[in-house]
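Single chain ahead, written as structure tokens, the form predicted alone.
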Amino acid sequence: MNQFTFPSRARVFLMVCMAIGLVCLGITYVTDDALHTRFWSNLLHNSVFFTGIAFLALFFLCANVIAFSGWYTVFKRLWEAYAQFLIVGLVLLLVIVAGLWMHAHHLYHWADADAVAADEILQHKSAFLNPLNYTLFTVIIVGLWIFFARKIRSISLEEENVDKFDFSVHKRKLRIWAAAFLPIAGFSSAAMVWLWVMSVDAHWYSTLFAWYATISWFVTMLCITVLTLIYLKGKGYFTEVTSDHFHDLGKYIFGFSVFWTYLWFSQYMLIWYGNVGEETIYFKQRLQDYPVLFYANLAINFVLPFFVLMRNDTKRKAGSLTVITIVLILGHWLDYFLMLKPGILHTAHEVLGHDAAHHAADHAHGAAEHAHHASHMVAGFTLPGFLEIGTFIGFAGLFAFFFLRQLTKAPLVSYRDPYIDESLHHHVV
């Protein structure tokens, strides 16, 4: 079978997942503190996480095109489909942008004009960190990503519509577009990570942070690729995908999990060694107030994949790969949780300012009270609660529903691709 049909049971299941996400977001908003900090932070967290996964699918697809790679050709339609989710991601991020202009949320300290006026550091960064830049960068850059995602997919789909495939013309055209996208993606993704994620801790900065956040996206995208292939093979599709393809995907997950750890350690070690107050506060806050997440992050995203995927046979077994990829997806989702939540909670406290004591009395479970008593459990901040998990399920259902719909629009395997024989006969020594 080379034409995917979206099963009705799968559609219903994913719709139920999306409904769970919507219900959890609604409950979060209704039961949240006066600033609705938990609601907006959950929306930002999942929007950025899944948009980044779609972006990395497009980036890695283009990187393979430029490298004249052929091993991935048999399942390249998956990455093309993932990348189309950028359209949904932009819509979700525009909700964040609208909330920024309407002062409906306080996710970013630099968005408060009074806070900027009273803070010399924020004043120095205001040329970059301001609502206008946040809006323009989000719309223009994600819009560019969408343009390239659709263009590259359209060129790829041309393979199915020509009577006689012209290798030189078609592949040259694809490589030109892929080569144009890669430098744009490299520079623009760093700017978006700075704006969307790093700027929640507006006083802090790290030159390694964009790399760190991007690799977290990349490992997650590879894990979703493995899970999708296992699911579709179980339904009778992608019979051409062999254990050798899974072995290579497993090697990528293993290698980039180690690289993620290298970036984690390098960022932490350099900041610890430099001992500059403006930088060390980032890790001090997370070590002191979020110790469970801090150490669990390293254990889940490095220790587990390192020891499980070190063996060659585990990279070839569907059961082992299923378990470790699910764990890693949740692990890197927790990684983004730890990147965002502490800074957002601190911003909520800062916005309340001198009225924090009154708000603490009126909103005993609000963000300001918890900022003063960080040693206590803060629902949705110290650790993810049921509402956070439910929201994640909703976004995961939306992502899966969207890319499965995309898979129905073209043959799963492009037999006209000139590299298809290399992929069909791919063998790992």
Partner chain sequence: MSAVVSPIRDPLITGHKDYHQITEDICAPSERTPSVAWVVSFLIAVSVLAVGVFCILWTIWFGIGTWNLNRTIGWGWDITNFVWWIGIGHAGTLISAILLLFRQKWRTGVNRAAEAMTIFAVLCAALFPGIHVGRMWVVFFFFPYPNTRGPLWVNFNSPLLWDLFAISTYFTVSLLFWYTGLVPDFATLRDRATGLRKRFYNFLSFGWTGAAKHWQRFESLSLVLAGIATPLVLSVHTIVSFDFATSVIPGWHTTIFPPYFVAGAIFSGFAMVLTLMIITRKVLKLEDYITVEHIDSMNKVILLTGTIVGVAYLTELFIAWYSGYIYEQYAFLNRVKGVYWWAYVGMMSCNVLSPQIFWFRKFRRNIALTFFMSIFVNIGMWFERFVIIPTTLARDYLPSSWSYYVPTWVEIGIFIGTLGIFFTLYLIFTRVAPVVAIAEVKSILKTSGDQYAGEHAKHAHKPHSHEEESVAH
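Since we're looking at a predicted model, the values are computed, not measured. Numbering follows the first chain given and starts at 1.
The same protein also exists as the form predicted together with its partner chain; that form is not shown, yet it is the one meant from here on.
Each of A202, L208 and L424 is positioned with at least one heavy atom within 4.5 Å of its partner chain in the predicted bound form. Exactly one of the stretches 295 to 303, 96 to 104, 208 to 216, 139 to 147 approaches its partner chain in the predicted bound form with heavy atoms within 4.5 Å, and it is 208 to 216.
Proximity of T314 to its partner chain in the predicted bound form falls outside the 4.5 Å heavy atom cutoff.
Though the partner is left out of this view, G186 does reach within 4.5 Å of its partner chain in the predicted bound form, counting heavy atoms only. The shortest heavy atom separation between I66 and its partner chain in the predicted bound form is within 4.5 Å. In the predicted bound form, its partner chain sits within 4.5 Å of a heavy atom belonging to L270.
Checking V88, V116, I329, L129 for any heavy atom within 4.5 Å of its partner chain in the predicted bound form turns up a single hit: L129. Here is the short version: of Y252, Y290, Y282, F246, the single residue with a heavy atom within 4.5 Å of its partner chain in the predicted bound form is Y252. Contacts with its partner chain in the predicted bound form, taken as any heavy atom within 4.5 Å, map within 256 to 294 to F259, Y262, L263, F265, S266, Q267, M269, L270, I271, Y273, G274, V276, E279.
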